[in-house]
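Only one chain is given next, in structure tokens, and it is the form predicted alone.
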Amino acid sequence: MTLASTIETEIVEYLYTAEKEKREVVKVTDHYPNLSFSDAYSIQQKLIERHLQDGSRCIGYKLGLTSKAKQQMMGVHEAIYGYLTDDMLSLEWEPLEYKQFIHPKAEPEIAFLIDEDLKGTNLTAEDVLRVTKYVAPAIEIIDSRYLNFKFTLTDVIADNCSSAKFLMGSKWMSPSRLDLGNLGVFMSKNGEVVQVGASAAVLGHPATSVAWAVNKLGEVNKGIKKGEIILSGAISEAISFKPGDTIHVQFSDLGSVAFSCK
């Protein structure tokens, strides 16, 4: 049974208002415990449409739960996806204002810049690499609207996978010049290394993660388009930050990306 349209609209406005007002709310499943993944993606889609009405523009997708260890911990067998909009993109040289968030966290990612449309349900990492013009170092800022950052999987899908902001470094490279599945990553806060990881943590290879997204989108007759940005998934655990903090992520061979918070 699909979710009644009145309930769906109510949930969309609930999450939209929480994001706009920068305030925590109790998770949706506290009120609707039987919410399905299908319901959650439908809510996510309508939430994005609500932002598009405000003038935002979709520029790509982000992946979540791309770690096999995290999937096992959550009791699921696949990743999740959300949307990126143009107003989520921030610039390295402009400090992020903390007041625009609720309880933000930063995580290191590899961004894919897509040069051809790609659509289907049986595509591979090789297909993704073929249409990728560049990859770049990236940081995603996640900021769940839910109280104390606590939620179920359906809750986080509905909330557009906690999307808030993202930044990309200035070094963009062809994936053919990199051992993309084996890049080391160090994330520092205020000069102290706080997370270490490797790109293989993202479903074995970041391009495999992007291929999963294309195939999942293909199930609902969607795909990724030329010019879009895909955040392939967190390489390490996310870390929280506060005003005055600086976060720096260094990739082996792929350069770095950083931001400060005020």
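Residue numbers run from 1 along the displayed sequence. What you are looking at is a predicted structure, and each value in this text was computed from that prediction instead of being measured.
From this point on, the text means the form predicted together with ligand OOG, which you will not see here.
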Point to revise | Partner-contacting position among Leu180, Ile114, Leu96, Val156 - heavy atom within 4.5 Å of ligand OOG in the predicted bound form | key: Val156
**Study point:** Selected contact from Tyr134, Phe149, Phe186, Phe101, since only one has a non-hydrogen atom within 4.5 angstroms of ligand OOG in the predicted bound form
**Key:** Phe149
Check your understanding: How about Leu118: is it within 4.5 Å of ligand OOG in the predicted bound form, going by heavy atoms?
Key -> no
Check your understanding: Does ligand OOG come within 4.5 Å of any heavy atom of Val28 in the predicted bound form?
Key -> no
Exercise for review: May I ask you to state whether Leu65 is within 4.5 Å of ligand OOG in the predicted bound form, using heavy atom distances?
Suggested key: yes
**Study point:** 4.5 Å heavy atom contact, Pro206 to ligand OOG in the predicted bound form
**Key:** no
Check your understanding: Based on heavy atom distances of at most 4.5 Å to ligand OOG in the predicted bound form, which listed stretch, 172 to 180, 124 to 132, 104 to 112, 186 to 194, is the contact stretch?
Key -> 104 to 112
Check your understanding: Which residues in 159 to 182 have a heavy atom within 4.5 Å of ligand OOG in the predicted bound form?
Key -> Cys161, Ser162
